[in-house]
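As a starting point, one isolated chain is supplied in structure tokens, in the form predicted on its own.
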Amino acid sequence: MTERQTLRGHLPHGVQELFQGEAARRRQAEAALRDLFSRWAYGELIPPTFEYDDTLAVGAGPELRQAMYRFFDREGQTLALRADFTTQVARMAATKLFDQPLPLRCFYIGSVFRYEEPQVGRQREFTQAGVELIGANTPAADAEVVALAAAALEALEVRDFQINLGQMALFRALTADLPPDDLERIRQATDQRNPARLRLALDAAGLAGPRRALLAGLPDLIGSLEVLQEAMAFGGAVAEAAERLAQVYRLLEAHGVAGHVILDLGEVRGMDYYTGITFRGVAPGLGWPLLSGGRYDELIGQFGRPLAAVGFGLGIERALLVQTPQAQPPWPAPHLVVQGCDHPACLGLVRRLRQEGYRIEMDVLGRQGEELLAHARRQGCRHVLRCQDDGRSWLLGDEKGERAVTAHRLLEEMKTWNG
């Protein structure tokens, strides 16, 4: 047996297929988010699944660039599957949406692809939903996006979640004059909450005094507004960044979501393009963030017109892992199973019922009588319908038997059925 024959019928590592109730859960989650984002006045964008590699690499950090799936077209151009939506939205905002009124509010839902080791809550193909608020560099814009992130988790019925909110501008102000290698060592040690490694990185950078003390303490500055006091006392750009974060937090209190938010000055992870707030949503029992986001005021300018922006991306599959469990049928049950028929009047009635929003299954295997009713029961449907010989009168059947109904009477009865 050849290797190709061995792989036939198997899925590649890191992808999954959904069917029956799981497919319905995913689509319901997508629909809930589309409805939520639309009610916040965000409009949907649908970028292409793949683009030129050089385009998708703009603003991406080393880890994300390494995780991209790349391939060649027939002209020898290097293409890549998208590993994140933000760069695509930035390109569209600069090149296609530059004449739209600001701020521009947009959202997206679709698959992204990353070559990384699959684990629970981490696949190589997954569904990402998110928003971008473009053209506003204000605390109000930051707070709106964080509040919308909290609302998105609530819409997906994730009950117990926390949003860790940091300020990359504060970290940048503290490390602005450092060489790139020193900066990255300090950032990684801070992100890993590793005091020993952080001390070594600060020693290697030759830092001392108040700046060193504040950098060394960042991983432990977690809580409410009180964690900003030392940074505000530092003065200059550091104090300005801390005050901006305080303004955002106060607005989140006004939004009514501060109970889910914790300030975390050690929150310095993320892509290289974050310039202001950065945040991630976490939940107990899941080793990966449900969502992450932040402010990226320098990315869109790399494609043309400079515009401030803030947004987040949410992993739908991860949210479903921690969603409040609900019993779901294996497949959406039809409201009515109709015996196969070729009368125009009967088919017209079926068409009308579907237009009214009912799920109607038309039998195509020639089932009749008890066989048809048994099939309907297996589908989770209580009622069957068959037309009389003239195709203008019908018999409605259930476990109690059959009775004659008119089209009008059938429509009235179906309004009373549950589901």
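Don't overthink the numbering: it's just position in the shown sequence, from 1. In this text the structure is predicted, and so the values were computed from the model without any measurement.
There is also a form predicted together with another copy of the chain; it is not shown, and the following applies to it.
Novice: Of the options R185, R124, H260, R211, which one has a non-hydrogen atom that comes within 4.5 Å of another copy of the chain in the predicted bound form?
Specialist: Here the answer is residue option R124.
Novice: Just one of L321, A283, L207, C341 has a heavy atom within 4.5 Å of another copy of the chain in the predicted bound form. Which one?
Specialist: Only one option qualifies, and that one is C341.
Novice: Tell me which stretch of 341-349, 234-242, 215-223, 194-202 has a heavy atom within 4.5 angstroms of another copy of the chain in the predicted bound form.
Specialist: Result for this chain: 341-349.
Novice: Against another copy of the chain in the predicted bound form, would D73 count as a contact residue? Criterion: heavy atoms within 4.5 Å.
Specialist: Looking in the predicted bound form, residue contacts with another copy of the chain include D73, since a heavy atom lies within 4.5 Å.
Novice: Is P101 near another copy of the chain? Define near as a heavy atom within 4.5 Å, in the predicted bound form.
Specialist: Because a heavy atom of P101 falls inside 4.5 Å of another copy of the chain in the predicted bound form, the answer is yes.
Novice: Contact with another copy of the chain in the predicted bound form for T406, defined as at least one heavy atom pair within 4.5 Å: yes or no?
Specialist: No, T406 sits far enough from another copy of the chain in the predicted bound form that none of its heavy atoms falls within 4.5 Å.
Novice: Would you please decide whether Q229 lies within 4.5 angstroms of another copy of the chain in the predicted bound form, comparing each non-hydrogen atom pair?
Specialist: Q229: no contact with another copy of the chain in the predicted bound form.
Novice: Within 39-76, which residues have a heavy atom closer than or equal to 4.5 Å from another copy of the chain in the predicted bound form?
Specialist: Those in contact are R39, W40, A41, Y42, G43, E44, L45, I46, P47, P48, T49, F50, E51, Y52, D54, T55, V58, Q66, A67, M68, Y69, R70, F71, D73, R74, E75.
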